[in-house]
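One chain comes next, on its own, written as structure tokens: the form predicted on its own.
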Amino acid sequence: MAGKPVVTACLIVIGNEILSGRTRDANLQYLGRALNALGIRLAQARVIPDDEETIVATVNECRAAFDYVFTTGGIGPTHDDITAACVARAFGVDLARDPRAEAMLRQHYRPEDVNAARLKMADVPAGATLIENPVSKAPGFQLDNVFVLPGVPRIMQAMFEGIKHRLAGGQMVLSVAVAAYIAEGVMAEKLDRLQGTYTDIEIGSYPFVRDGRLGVSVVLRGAEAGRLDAAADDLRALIRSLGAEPVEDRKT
């Protein structure tokens, strides 16, 4: 595993409805887990509005910084669905009607229900590869390292399952969570020293209250199972040295 490269991804969530709180995004957690299973680290997620300049700038910044970029939202039939046009502009190519995408839509809808708004969903950037939609047929697309997907979680997930074979992964990130009923501040200094010992392990602490009791869950993440296990053992010893007992272990 140590010889595998680190492969990174970024998720761009597009939509005013997400920023306003009217719609809850459910795609981040799914993609984080699904990508990690492929050995791809979801390194960033950004939530941006349906604004042309913002979308173009964000797509260009992220596609240069990460191995893969996934966008969700903004590829439907309404006037504010502008993602496809913005991605075309980001790449400096034309937006054009794709005959195969149009055929998919015409086969899905009754002839009397085919209109200009629905056919808009067949417009993709020149040179893009379609991402088939097994649920509602309106496709997404891939252009270079950018994958454009819908925001509806059930549809997005089905489409992602159809493209994951296109992705080349690297190191898979493993994680261990150890929890204890102890105040975060009590262990902070020793936890900082533990991080200094295991610089290759990402260590995060997350306070919680359960049944009226204050505690903290410490999550360790890394690519080497042996190092992760060693860090987790030292963490358990640290907790016991402070008079508490580890009450939860979870490894993924």
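Numbering starts at 1 and follows the sequence shown. Computed from a predicted structure; not experimentally measured.
Below, we turn to the form predicted together with another copy of the chain, even though it does not appear here.
- Using a 4.5 angstroms heavy atom cutoff to another copy of the chain in the predicted complex, none of N60, I82 and E224 count as contacting.
- Figure note: of the listed segments 158 to 166, 110 to 118, 93 to 101, 137 to 145, the one touching another copy of the chain in the predicted complex, with heavy atoms no more than 4.5 Å away, is 110 to 118.
- Within this chain, A183 lines the site of another copy of the chain in the predicted complex, having a heavy atom no more than 4.5 Å away.
- Taking the partner from elsewhere, E17 is found to have a heavy atom lying within 4.5 Å of another copy of the chain in the predicted complex.
- Proximity of E52 to another copy of the chain in the predicted complex falls outside the 4.5 Å heavy atom cutoff.
- In the predicted complex, another copy of the chain lies within 4.5 Å of some heavy atom of G32.
- Of the residues in 179 to 196, those that come within 4.5 Å of another copy of the chain in the predicted complex through at least one heavy atom are, in sequence order, A183, E184, G185, V186, A188, E189, L191, D192, Q195.
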